[in-house]
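Here's a solo chain for you in structure tokens, the form predicted alone.
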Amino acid sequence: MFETEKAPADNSRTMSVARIYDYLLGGSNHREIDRQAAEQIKLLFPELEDWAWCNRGFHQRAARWLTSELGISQFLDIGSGLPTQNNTHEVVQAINPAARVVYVDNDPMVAEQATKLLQGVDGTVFIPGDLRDSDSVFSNPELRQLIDFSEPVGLLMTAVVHFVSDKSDPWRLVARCLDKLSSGSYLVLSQGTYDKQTPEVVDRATTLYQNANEQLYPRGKAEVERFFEGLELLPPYEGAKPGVTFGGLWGAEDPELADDDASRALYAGVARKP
């Protein structure tokens, strides 16, 4: 469903998913083409900006919880985008200054900007890499210098797998990453969904992304749950059963207030590797 060919490499006429996300979060590392694309999508899905913040909120809550409640002190953030808006290292190092974070992204613009943004930040590094080539990511010497794979790792993949087509088998790609981690590691994953959207909105949104450096592949709940096969899913909030939930509900103090249209366009889950 929604399979398309990958767009050309990033240039001044190609919108970037990382820059669109940066724009939605109020950053400054984007171009006019990214702003125009975001505004076009908002005409179809007015909650787009809230959706971006919903995903960012889930990412932050999950990373904070892994650090404060479980003592996870090393994180691998794949498909990180630009680490500009209260990102992983700021969240976890506020709790544990010795926490270590490796950011990974395949966007050349992200690589250039992130390297500059992270200069002088202890325990943090950015490496270029792609989920579709995890062997290259995990063999990177900078990553291996910072991450001890004999100890648990927090693997963060928020709003990234919906840019990987079914043909590339994202479920296998995520499983390959998890295979490299020790028991007691955690997967934090979110994925855009079409479950609560009209077919027209989904089709038009995916068409807009055909001009981006990555294509969009929203998925249903059962497809998202497949990413967590073999893992121990956590309850998303107090009183809930373990499982995948809408993005705003994970870690929510008041699930009723967190349940809105933006949240329902995103599935999220956190799970432990046995």
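When you see a residue number, it is the position in the sequence shown, counting from 1. Small disclaimer: the values here were computed from a predicted structure and weren't measured.
Just so you know, the form predicted in complex with a small molecule exists too; it's not on screen, but the next bit is about it.
Residues placing heavy atoms within 4.5 Å of the small molecule in the predicted bound form fall in a single listed stretch, namely 151-159, out of 90-98, 199-207, 177-185, 151-159. Shown here without its partner, the chain carries Y21, G81 and V110, all of which come within 4.5 Å of the small molecule in the predicted bound form through at least one heavy atom. For the residues L118, L143, I72, L131, the 4.5 Å heavy atom test against the small molecule in the predicted bound form is passed only by L131.
With the partner omitted here, the residue from E223, E214, D34, D50 that has a non-hydrogen atom within 4.5 angstroms of the small molecule in the predicted bound form is E214. In the predicted bound form, the small molecule sits within 4.5 Å of a heavy atom belonging to N106.
A residue is said to contact a partner when one of its heavy atoms sits within 4.5 Å of a partner heavy atom; I147 fails this definition for the small molecule in the predicted bound form, lying far away.
In the predicted bound form, at least one heavy atom of V164 sits within 4.5 Å of the small molecule.
Although the partner is absent from this view, R56 contacts the small molecule in the predicted bound form, with a non-hydrogen atom inside 4.5 angstroms.
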